[in-house]
Structures are given as structure tokens and as C-alpha cells.
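Given as C-alpha cells, the chain that follows is alone and in the form predicted alone.
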């Protein structure tokens, strides 16, 4: 399981260097239907504008770093960047499917079943048998129960919402215990415990790691939604990360949530929703409102964008106390939104290609942090990205084990 500390440090250094070199691209979110300065200066605009809809769809499904070899006349620097990103990504091995043992599936979503099975098997095969399992952000306790059964140890889940903890306790049948607690206020972790987080979002993942390290506990963490941090900036955890300046703003970390693995119908829905959001922003601006990018969503739940502009615009106008839209208004901005978003979509491709780099940067900072605290650490992909793109997994064995 263990990677060498020098390998992790070197990969963190390379990821930080690439992030610094393309900082302007990462920070240069495209919100207007024109190619940004960073794109024009590098000579990428003409190539991107010339991409057909099928080529763009392919890139969005597999990611520009993996699609670039199938494209013609790719600018030299863009091809080089894609190669560097792909090289870093491919150094993260995919965890083998170690077993096909049945998993309790009651109340477990189909998409989550292979993730739980893979995580449980990795913990059983790659980590020492722990004293206890502490499942942080336990939800309904699927992981808690599965680990309790597989490892044969005491397990309890920590959950912020009392309703979920109560439901998890009812489902556990006495195999695990659940407590209602805010992890930031302190976790009940002791030496030799296994602290687990399956999709522990943003700051929760960092909290889990720091408290597990302080208690000399083992760790199994699958990252998720890195932008969900308490402050405006996520500080580096590791000494090396601080020296390299790998802290990231919350806005920047949002790019790591732009997945190139949500293929098929899911990706189609995502693109359609983004086009509707842009059309909504244009419609609100035409009503005389100053609407910074992102503010158009006020009053509209993200799922409502799937229902089209008429629904989203009706909700947004109602939220702002404005008269409803006419059919002609909706039709005009639907067409305008499609046209303009076609440019935005293409201009955003190089920036989206760097989303996985940011996710990897945070994962490596976390891995090096644990190495600095005496843990033996490995970074791998829990499952194939087609199962879930949120698959970067940190396994760490506490020092002395």
C-alpha cells in the first residue's frame, strides 16, 4: 500500500508548479461569450472555436487531457499542458476489485454500492485491524455497518443531523452506534482507531485528517466537494504545501467539482442546465439588473434549471418581485443563451482540464501532511471514474502500526 514519502512530495511539487504556471487559466473563469485574454495570448482561441459539437461533447465526457490525442491541429502548448496533467493523473493507480462479496444493499443507492464495497475491502486488506471504526459524516450508516461487519470491531458513526443519526441507529440492528456531533468541535478518536470519511466534503475532510493525525489513528478518506470550506481560503495542511503556496480560494476549488466523467445523459443535463443559467442571466440583465455570474441562481434551486428557461426565469423574477416573462421573452433568451453559451463552452475547455489537477493538489497536500506526522500513506482511485468522479482516496496507517 505505502508510497514513498519522496514520491508523494515530488508529485506535490510538480502539481504545485503546474498550478503556478497556469494560475491565470485556473482563476480566469469564462462567463462572457468571448475568449479570455489568457486564451488569446496563448493562441488557443481559433482551435477551440473550430471544434464541432461532437468533438466538444467528447472532450466534456473524457476530459481534454484524454481527448487531445484524437483531435487535429492542437496548439503545441495546449497539447503539452494536457500531457502534463494526464501524466500526474495516471500516477494515481486504480484500486483493484479485491472481492465480490455481497454487500447489504438496504437503502443504499445503486451508484454507491461499488464505492462502499471497494472502501471496505481496501480497509480490510490494506490497513491493520483497528481498535474501533469512527465513520465521520455517517449519514444513514451504510459504511459504518459494512465496516463493523467486515472488520469485526466496534463501530460508530458521527453525524451532524439528528434525524439521520436516529434513522441510522434504527437500521443498524445493534451492529453500530451513532452520535450527533459537529466534527469541528472534536471527534471521539483514540490511538489505533480507523477514521473513515466516504465523500467527506471540503473542510470536513481536513478536520478528519488533523484529528486522526493528532490521535495517531488510521485513515481512509475519499475526497469530495473541496470548495465547501468555512473561510474564503483552504490553507495547506502540510509543511511542504505551505512552503509551495498551495492554498486555494473557495472559488478556485469549485473548479475541482467540474467533472469530465459525468458522461452520457448526465453530462447532457449538466450542459443544458449551464446554458439555461447563462440565458437566465442575460434575461435578468435585460430587465436592468446587475447580475454577477452566479447571482442569477438566487431563488432557483439547481434542479429547476433542468426544467428549462421558462421555469427558471419565472422563479427568478418572482424571487425578485418582478413581473413574469412573456413567451416571446423566453424564446428570445433561449436562443441567445444557446448561441452565447456555445462560445463560453468552448473557451472553458482548457480551464476545465485543470479541475482534476486542483483535486489532486489537495489530495497530495493531505497525503504529505500525514507522512509528516509519521503515517504510512497511499493515494489511489477508489473506483473507476465512470462509477463516480469523486474517487481520490487516501489510505494511511498510523505510525507504530
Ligand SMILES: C[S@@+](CC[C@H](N)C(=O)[O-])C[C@H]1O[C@@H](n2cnc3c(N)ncnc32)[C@H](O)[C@@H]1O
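Computed from a predicted structure; not experimentally measured. Numbering follows the first chain given and starts at 1.
Keep in mind that the form predicted together with the ligand is not shown, yet the notes after this line are about it.
- Exactly one listed residue, out of 118, 276, 133, 138, brings a non-hydrogen atom to within 4.5 Å of the ligand in the predicted complex: 138.
- Put simply, of 122, 71, 183, 150 only one has a heavy atom within 4.5 Å of the ligand in the predicted complex, and it is 183.
- Only one of 122-130, 232-240, 175-183, 294-302 lies within 4.5 Å of the ligand in the predicted complex by heavy atoms, and it is 175-183.
- Under a 4.5 angstroms non-hydrogen atom cutoff, the ligand in the predicted complex lacks residue 167 among its neighbouring residues.
- Proximity of residue 161 to the ligand in the predicted complex: non-hydrogen atoms within 4.5 Å are present.
- At a distance threshold of 4.5 angstroms between non-hydrogen atoms, residue 219 is out of contact with the ligand in the predicted complex.
- Among heavy atoms of residue 283, none comes within 4.5 Å of the ligand in the predicted complex.
- Taken together, the three residues 112, 198 and 204 all come within 4.5 Å of the ligand in the predicted complex, as judged by their closest heavy atom.
- For the partner-free chain shown, nothing in 34-72 comes within 4.5 angstroms of the ligand in the predicted complex, judged by any non-hydrogen atom.
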